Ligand SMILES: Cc1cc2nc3c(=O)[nH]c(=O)nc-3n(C[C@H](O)[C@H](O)[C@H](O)COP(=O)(O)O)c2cc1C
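Coming up is one lone chain in C-alpha coordinates, specifically the form predicted alone.
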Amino acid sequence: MADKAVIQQRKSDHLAICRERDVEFHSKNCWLEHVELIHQALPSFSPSEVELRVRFLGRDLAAPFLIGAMTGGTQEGGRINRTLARVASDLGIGLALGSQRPMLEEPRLKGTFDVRAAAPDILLLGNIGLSQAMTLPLKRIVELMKSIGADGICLHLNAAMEMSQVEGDEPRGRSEGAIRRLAAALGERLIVKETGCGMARETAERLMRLGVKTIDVAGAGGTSWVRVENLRRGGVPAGRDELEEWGIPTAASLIELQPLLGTERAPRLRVIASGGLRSGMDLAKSIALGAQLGSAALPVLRVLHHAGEKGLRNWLAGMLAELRCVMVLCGCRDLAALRRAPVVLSGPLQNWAEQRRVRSRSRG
(Lines give C-alpha, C1' and ligand atoms only; values in the text may rest on other atoms or scores of the structure.)
Protein backbone atom coordinates (compact mmCIF):
# COMPACT_ATOMS: atom_id res chain seq x y z
CA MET A 1 0.00 0.00 0.00
CA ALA A 2 1.10 3.60 -0.58
CA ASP A 3 2.24 5.65 2.39
CA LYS A 4 -0.77 7.08 4.28
CA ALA A 5 0.79 10.51 4.76
CA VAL A 6 1.70 10.73 1.07
CA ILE A 7 -1.87 10.02 -0.02
CA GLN A 8 -3.37 12.58 2.38
CA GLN A 9 -0.82 15.21 1.33
CA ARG A 10 -1.64 14.53 -2.32
CA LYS A 11 -5.34 15.11 -1.63
CA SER A 12 -4.53 18.39 0.14
CA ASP A 13 -2.29 19.45 -2.74
CA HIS A 14 -5.03 18.68 -5.27
CA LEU A 15 -7.53 20.89 -3.43
CA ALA A 16 -5.13 23.81 -3.09
CA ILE A 17 -3.92 23.63 -6.70
CA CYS A 18 -7.42 23.31 -8.17
CA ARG A 19 -8.71 26.26 -6.13
CA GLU A 20 -5.94 28.69 -6.92
CA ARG A 21 -3.85 27.61 -9.93
CA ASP A 22 -4.39 27.52 -13.68
CA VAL A 23 -5.40 23.87 -14.11
CA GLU A 24 -7.70 23.93 -17.14
CA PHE A 25 -6.83 22.96 -20.69
CA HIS A 26 -5.17 25.78 -22.66
CA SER A 27 -5.31 24.90 -26.36
CA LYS A 28 -8.32 22.61 -26.17
CA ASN A 29 -11.81 23.14 -24.81
CA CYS A 30 -14.89 20.98 -24.42
CA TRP A 31 -16.26 21.89 -27.89
CA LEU A 32 -19.79 22.51 -26.63
CA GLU A 33 -19.47 25.92 -28.30
CA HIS A 34 -19.64 23.99 -31.59
CA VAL A 35 -23.13 22.68 -30.75
CA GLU A 36 -26.09 24.89 -31.65
CA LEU A 37 -29.60 24.25 -30.38
CA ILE A 38 -32.39 25.40 -32.67
CA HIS A 39 -34.36 28.43 -31.53
CA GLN A 40 -38.14 28.03 -31.57
CA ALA A 41 -39.56 31.55 -31.57
CA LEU A 42 -43.11 30.76 -30.45
CA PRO A 43 -42.94 29.35 -26.90
CA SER A 44 -45.92 27.30 -25.76
CA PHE A 45 -45.02 27.01 -22.06
CA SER A 46 -43.16 28.91 -19.35
CA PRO A 47 -39.92 28.06 -17.53
CA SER A 48 -41.91 27.01 -14.46
CA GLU A 49 -43.67 24.37 -16.57
CA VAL A 50 -40.42 22.74 -17.72
CA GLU A 51 -39.98 19.29 -16.19
CA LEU A 52 -36.40 18.69 -15.05
CA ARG A 53 -36.98 15.72 -12.78
CA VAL A 54 -35.10 12.52 -13.52
CA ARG A 55 -34.73 9.18 -11.75
CA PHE A 56 -31.25 7.74 -11.43
CA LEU A 57 -30.17 4.67 -9.43
CA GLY A 58 -33.45 4.66 -7.55
CA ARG A 59 -33.23 8.32 -6.52
CA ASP A 60 -35.48 11.11 -7.74
CA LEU A 61 -33.50 14.19 -8.74
CA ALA A 62 -35.11 17.60 -9.11
CA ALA A 63 -32.71 18.35 -11.97
CA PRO A 64 -30.26 16.37 -14.13
CA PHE A 65 -27.09 17.48 -12.41
CA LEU A 66 -24.42 15.87 -10.28
CA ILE A 67 -21.76 17.72 -8.30
CA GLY A 68 -18.61 16.04 -9.58
CA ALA A 69 -16.03 14.07 -7.63
CA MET A 70 -13.33 16.20 -6.09
CA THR A 71 -12.37 15.48 -2.50
CA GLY A 72 -12.20 13.33 0.61
CA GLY A 73 -9.50 11.76 2.76
CA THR A 74 -8.55 14.90 4.69
CA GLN A 75 -10.35 16.86 7.37
CA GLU A 76 -10.74 19.82 5.04
CA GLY A 77 -12.08 17.49 2.38
CA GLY A 78 -14.61 16.15 4.83
CA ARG A 79 -15.89 19.64 5.62
CA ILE A 80 -16.21 20.38 1.93
CA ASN A 81 -18.08 17.13 1.30
CA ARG A 82 -20.59 17.83 4.06
CA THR A 83 -21.21 21.32 2.68
CA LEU A 84 -21.65 19.97 -0.85
CA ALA A 85 -24.07 17.36 0.46
CA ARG A 86 -26.22 20.04 2.12
CA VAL A 87 -26.31 22.09 -1.07
CA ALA A 88 -27.15 19.02 -3.15
CA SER A 89 -29.96 18.16 -0.75
CA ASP A 90 -31.39 21.68 -0.87
CA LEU A 91 -31.43 21.70 -4.69
CA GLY A 92 -32.40 18.06 -5.22
CA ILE A 93 -29.27 17.19 -7.21
CA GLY A 94 -26.64 14.47 -6.81
CA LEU A 95 -23.12 14.33 -5.36
CA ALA A 96 -20.13 12.23 -6.35
CA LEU A 97 -17.33 11.90 -3.82
CA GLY A 98 -13.60 11.88 -4.48
CA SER A 99 -11.50 8.72 -4.49
CA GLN A 100 -12.06 6.56 -1.40
CA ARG A 101 -8.53 5.21 -1.62
CA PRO A 102 -7.55 7.01 1.63
CA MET A 103 -10.15 4.87 3.44
CA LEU A 104 -8.25 1.76 2.37
CA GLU A 105 -5.05 2.93 4.05
CA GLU A 106 -6.67 4.65 7.03
CA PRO A 107 -10.20 3.51 8.02
CA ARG A 108 -10.63 6.47 10.37
CA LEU A 109 -10.87 8.71 7.29
CA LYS A 110 -14.26 7.21 6.51
CA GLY A 111 -15.80 10.21 8.24
CA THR A 112 -14.51 12.52 5.52
CA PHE A 113 -16.73 10.68 3.02
CA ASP A 114 -19.72 9.93 5.29
CA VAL A 115 -22.26 12.63 4.41
CA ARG A 116 -25.54 10.75 4.72
CA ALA A 117 -26.41 12.46 7.98
CA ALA A 118 -26.23 15.82 6.20
CA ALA A 119 -28.20 14.64 3.17
CA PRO A 120 -30.15 11.41 3.72
CA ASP A 121 -32.05 11.49 0.43
CA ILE A 122 -29.56 12.63 -2.21
CA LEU A 123 -28.08 10.55 -5.00
CA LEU A 124 -24.62 9.75 -3.65
CA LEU A 125 -21.78 8.07 -5.54
CA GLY A 126 -18.60 6.59 -4.10
CA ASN A 127 -15.33 6.43 -5.98
CA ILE A 128 -12.39 4.05 -6.48
CA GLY A 129 -9.61 3.86 -9.06
CA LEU A 130 -9.08 1.07 -11.56
CA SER A 131 -5.63 0.33 -10.11
CA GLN A 132 -7.16 -0.36 -6.70
CA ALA A 133 -10.09 -2.30 -8.16
CA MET A 134 -7.65 -4.67 -9.88
CA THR A 135 -6.01 -5.63 -6.58
CA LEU A 136 -8.88 -5.46 -4.08
CA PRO A 137 -11.30 -8.30 -3.41
CA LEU A 138 -14.72 -7.63 -4.89
CA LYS A 139 -16.27 -7.77 -1.43
CA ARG A 140 -14.01 -4.93 -0.23
CA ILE A 141 -15.08 -2.61 -3.03
CA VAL A 142 -18.76 -3.30 -2.36
CA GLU A 143 -18.11 -2.57 1.32
CA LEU A 144 -16.51 0.77 0.42
CA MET A 145 -19.71 1.78 -1.34
CA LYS A 146 -22.09 0.48 1.30
CA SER A 147 -20.11 1.81 4.26
CA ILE A 148 -20.95 5.40 3.33
CA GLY A 149 -24.49 4.68 2.15
CA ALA A 150 -23.67 5.39 -1.50
CA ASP A 151 -26.16 4.49 -4.22
CA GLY A 152 -23.38 3.54 -6.63
CA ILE A 153 -19.65 3.76 -7.14
CA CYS A 154 -17.58 5.43 -9.83
CA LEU A 155 -14.67 3.41 -11.14
CA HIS A 156 -12.32 6.09 -12.39
CA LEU A 157 -9.93 5.61 -15.29
CA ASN A 158 -6.96 7.96 -15.08
CA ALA A 159 -4.04 6.54 -17.02
CA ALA A 160 -2.71 9.93 -18.18
CA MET A 161 -2.88 11.34 -14.66
CA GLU A 162 -1.18 8.30 -13.09
CA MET A 163 1.69 8.39 -15.59
CA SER A 164 2.22 12.07 -14.74
CA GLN A 165 2.12 11.52 -10.98
CA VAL A 166 5.44 11.05 -9.18
CA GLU A 167 3.96 8.30 -7.01
CA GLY A 168 1.40 7.13 -9.59
CA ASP A 169 0.51 3.59 -10.65
CA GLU A 170 1.49 2.84 -14.21
CA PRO A 171 -1.30 1.42 -16.39
CA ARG A 172 -1.46 -2.34 -16.59
CA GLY A 173 -3.35 -4.76 -18.79
CA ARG A 174 -5.73 -7.45 -17.60
CA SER A 175 -8.22 -4.98 -16.16
CA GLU A 176 -11.19 -6.58 -17.94
CA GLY A 177 -11.65 -9.28 -15.31
CA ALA A 178 -11.95 -6.78 -12.47
CA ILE A 179 -14.43 -4.64 -14.39
CA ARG A 180 -16.51 -7.67 -15.39
CA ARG A 181 -16.72 -8.84 -11.78
CA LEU A 182 -17.74 -5.39 -10.57
CA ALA A 183 -20.36 -5.03 -13.30
CA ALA A 184 -21.82 -8.44 -12.47
CA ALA A 185 -21.96 -7.66 -8.75
CA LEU A 186 -23.15 -4.05 -8.92
CA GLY A 187 -25.16 -3.85 -12.15
CA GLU A 188 -26.38 -0.31 -12.74
CA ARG A 189 -24.69 0.86 -9.55
CA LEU A 190 -21.30 0.77 -11.30
CA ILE A 191 -20.37 3.93 -13.22
CA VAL A 192 -17.13 3.89 -15.19
CA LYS A 193 -15.68 7.39 -15.32
CA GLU A 194 -12.76 9.01 -17.10
CA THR A 195 -10.88 11.87 -15.42
CA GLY A 196 -10.56 14.57 -18.04
CA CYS A 197 -9.40 12.70 -21.14
CA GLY A 198 -12.77 11.71 -22.59
CA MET A 199 -14.20 8.48 -23.94
CA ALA A 200 -13.87 6.86 -27.36
CA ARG A 201 -16.55 4.67 -28.88
CA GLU A 202 -14.15 1.69 -29.00
CA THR A 203 -13.49 1.95 -25.26
CA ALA A 204 -17.20 2.29 -24.50
CA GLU A 205 -17.94 -0.80 -26.58
CA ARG A 206 -15.33 -2.78 -24.63
CA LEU A 207 -16.88 -1.63 -21.37
CA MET A 208 -20.38 -2.54 -22.51
CA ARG A 209 -19.21 -6.04 -23.42
CA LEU A 210 -17.98 -6.33 -19.83
CA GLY A 211 -21.45 -5.43 -18.53
CA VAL A 212 -21.01 -1.71 -17.85
CA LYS A 213 -24.28 0.23 -18.24
CA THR A 214 -23.27 3.79 -17.30
CA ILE A 215 -20.27 5.85 -18.44
CA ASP A 216 -19.18 9.34 -17.38
CA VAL A 217 -17.23 10.65 -20.37
CA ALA A 218 -15.30 13.28 -18.32
CA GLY A 219 -13.95 14.81 -21.51
CA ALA A 220 -11.08 17.14 -22.25
CA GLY A 221 -11.78 20.84 -21.89
CA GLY A 222 -12.19 21.26 -18.14
CA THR A 223 -9.54 20.33 -15.59
CA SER A 224 -6.35 18.84 -16.97
CA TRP A 225 -5.23 16.41 -14.27
CA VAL A 226 -1.91 16.00 -16.05
CA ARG A 227 -1.40 19.75 -15.56
CA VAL A 228 -2.40 19.40 -11.90
CA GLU A 229 0.24 16.72 -11.36
CA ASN A 230 2.87 18.75 -13.22
CA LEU A 231 2.12 21.70 -10.96
CA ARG A 232 2.51 19.41 -7.93
CA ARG A 233 5.94 18.27 -9.07
CA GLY A 234 7.01 21.84 -9.86
CA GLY A 235 7.40 21.51 -13.61
CA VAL A 236 6.73 19.52 -16.75
CA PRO A 237 8.97 16.47 -17.32
CA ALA A 238 11.07 16.72 -20.45
CA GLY A 239 9.18 15.63 -23.55
CA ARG A 240 5.79 15.41 -21.83
CA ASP A 241 4.37 18.94 -22.10
CA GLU A 242 1.80 18.05 -24.76
CA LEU A 243 0.18 15.46 -22.49
CA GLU A 244 -1.38 18.37 -20.59
CA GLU A 245 -3.65 18.85 -23.62
CA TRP A 246 -4.31 15.16 -24.27
CA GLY A 247 -7.83 13.85 -24.65
CA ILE A 248 -11.13 13.81 -26.50
CA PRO A 249 -13.23 16.95 -25.92
CA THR A 250 -16.46 16.42 -24.00
CA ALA A 251 -18.80 17.16 -26.92
CA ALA A 252 -16.82 14.80 -29.16
CA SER A 253 -17.00 12.11 -26.47
CA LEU A 254 -20.78 12.46 -26.38
CA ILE A 255 -20.87 12.22 -30.18
CA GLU A 256 -18.68 9.10 -29.97
CA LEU A 257 -21.17 7.34 -27.70
CA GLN A 258 -24.39 8.32 -29.49
CA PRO A 259 -24.57 5.14 -31.62
CA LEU A 260 -24.44 3.05 -28.43
CA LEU A 261 -27.28 4.68 -26.49
CA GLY A 262 -30.24 2.70 -27.76
CA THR A 263 -33.64 4.35 -27.48
CA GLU A 264 -35.47 6.20 -24.73
CA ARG A 265 -37.71 3.17 -24.20
CA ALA A 266 -34.92 0.61 -24.52
CA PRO A 267 -31.66 2.24 -23.45
CA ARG A 268 -28.43 0.30 -23.91
CA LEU A 269 -26.09 2.79 -22.25
CA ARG A 270 -26.55 5.73 -19.91
CA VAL A 271 -24.13 8.62 -20.19
CA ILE A 272 -23.06 11.35 -17.78
CA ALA A 273 -21.49 14.44 -19.35
CA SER A 274 -18.62 16.14 -17.55
CA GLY A 275 -15.45 17.98 -18.49
CA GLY A 276 -15.76 21.74 -18.91
CA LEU A 277 -19.49 22.19 -18.21
CA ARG A 278 -19.89 25.68 -16.80
CA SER A 279 -23.49 26.80 -17.43
CA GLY A 280 -27.09 25.82 -17.97
CA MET A 281 -26.46 26.17 -21.70
CA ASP A 282 -23.61 23.64 -21.50
CA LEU A 283 -25.88 21.29 -19.58
CA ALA A 284 -28.68 21.65 -22.14
CA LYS A 285 -26.32 20.95 -25.05
CA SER A 286 -24.92 17.89 -23.28
CA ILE A 287 -28.38 16.45 -22.77
CA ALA A 288 -29.27 17.19 -26.40
CA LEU A 289 -26.22 15.09 -27.34
CA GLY A 290 -27.61 12.17 -25.34
CA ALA A 291 -26.48 12.61 -21.72
CA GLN A 292 -28.77 11.61 -18.86
CA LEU A 293 -27.01 13.89 -16.38
CA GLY A 294 -24.42 16.64 -16.45
CA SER A 295 -21.69 17.09 -13.88
CA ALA A 296 -19.04 19.63 -12.86
CA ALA A 297 -16.45 19.80 -10.10
CA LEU A 298 -13.88 22.59 -10.57
CA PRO A 299 -16.31 25.53 -10.80
CA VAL A 300 -18.24 24.16 -7.82
CA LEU A 301 -15.07 24.00 -5.74
CA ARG A 302 -14.03 27.51 -6.72
CA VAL A 303 -17.43 29.11 -6.16
CA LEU A 304 -17.64 27.44 -2.75
CA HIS A 305 -14.16 28.69 -1.85
CA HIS A 306 -14.74 32.28 -2.92
CA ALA A 307 -18.48 32.76 -2.28
CA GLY A 308 -19.29 30.23 0.44
CA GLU A 309 -22.19 27.84 0.78
CA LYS A 310 -24.85 30.44 0.01
CA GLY A 311 -22.96 31.65 -3.06
CA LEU A 312 -22.64 28.10 -4.35
CA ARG A 313 -26.33 27.44 -3.83
CA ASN A 314 -27.18 30.60 -5.77
CA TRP A 315 -24.75 29.73 -8.59
CA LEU A 316 -26.15 26.25 -9.05
CA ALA A 317 -29.74 27.52 -8.86
CA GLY A 318 -28.88 30.05 -11.56
CA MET A 319 -27.43 27.36 -13.78
CA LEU A 320 -30.62 25.29 -13.48
CA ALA A 321 -32.76 28.39 -14.13
CA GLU A 322 -30.78 28.95 -17.34
CA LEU A 323 -31.40 25.34 -18.33
CA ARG A 324 -35.13 25.94 -17.99
CA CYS A 325 -34.96 29.04 -20.16
CA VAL A 326 -32.96 27.24 -22.85
CA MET A 327 -35.50 24.44 -22.91
CA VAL A 328 -38.33 26.92 -23.38
CA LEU A 329 -36.47 28.48 -26.31
CA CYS A 330 -35.93 25.02 -27.83
CA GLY A 331 -39.55 24.05 -27.38
CA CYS A 332 -38.61 21.16 -25.07
CA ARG A 333 -40.94 20.71 -22.13
CA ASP A 334 -38.98 17.81 -20.60
CA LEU A 335 -35.61 16.09 -20.77
CA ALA A 336 -36.75 13.37 -23.16
CA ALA A 337 -37.79 16.09 -25.62
CA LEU A 338 -34.43 17.80 -25.20
CA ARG A 339 -32.61 14.57 -26.04
CA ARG A 340 -34.64 14.41 -29.26
CA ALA A 341 -34.08 18.07 -30.13
CA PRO A 342 -32.25 18.83 -33.40
CA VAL A 343 -28.73 20.18 -33.11
CA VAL A 344 -26.32 21.73 -35.59
CA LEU A 345 -22.64 20.91 -35.31
CA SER A 346 -19.91 23.20 -36.60
CA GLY A 347 -16.16 23.51 -36.88
CA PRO A 348 -13.93 20.77 -35.48
CA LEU A 349 -16.86 18.93 -33.89
CA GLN A 350 -18.59 18.59 -37.25
CA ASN A 351 -15.33 17.37 -38.77
CA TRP A 352 -14.93 14.89 -35.94
CA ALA A 353 -18.43 13.49 -36.45
CA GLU A 354 -17.87 13.15 -40.19
CA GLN A 355 -14.47 11.49 -39.91
CA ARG A 356 -15.66 9.13 -37.19
CA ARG A 357 -18.77 8.40 -39.29
CA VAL A 358 -21.27 9.07 -36.53
CA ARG A 359 -24.78 8.92 -37.93
CA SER A 360 -27.72 10.96 -36.69
CA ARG A 361 -29.12 9.36 -33.58
CA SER A 362 -32.62 8.01 -33.08
CA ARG A 363 -33.83 8.29 -29.50
CA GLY A 364 -37.52 7.51 -29.97
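Worth saying up front: this structure is predicted, and the values here are computed from it rather than measured. Don't overthink the numbering: it's just position in the shown sequence, from 1.
The same protein also exists as the form predicted together with the named molecule; that form is not shown, yet it is the one meant from here on.
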- prompt: With the named molecule left out of view, which of 301, 57, 328, 319 would have a heavy atom within 4.5 Å of it in the predicted complex?
  reply: 301
query: Which listed residue (116, 201, 278, 79) meets the criterion of a heavy atom within 4.5 Å of the named molecule in the predicted complex?
result: 278
task: Choose from 254-262, 162-170, 280-288, 92-100 the stretch whose residues reach within 4.5 Å of the named molecule in the predicted complex, heavy atoms counted.
output: 92-100
query: Candidate spot 34, 246 and 249, all three in 4.5 Å heavy atom range of the named molecule in the predicted complex?
result: no
message: I'd like to know if residue 15 sits close to the named molecule in the predicted complex, meaning any non-hydrogen atom pair within 4.5 angstroms.
response: yes
query: Would residue 112 show up as a contact with the named molecule in the predicted complex if we use heavy atoms at 4.5 Å?
result: no
message: Is residue 50 near the named molecule? Define near as a heavy atom within 4.5 Å, in the predicted complex.
response: no
message: I'd like to know if residue 294 sits close to the named molecule in the predicted complex, meaning any non-hydrogen atom pair within 4.5 angstroms.
response: no
- prompt: Quick one: which residues from 161-182 get a non-hydrogen atom within 4.5 Å of the named molecule in the predicted complex?
  reply: none
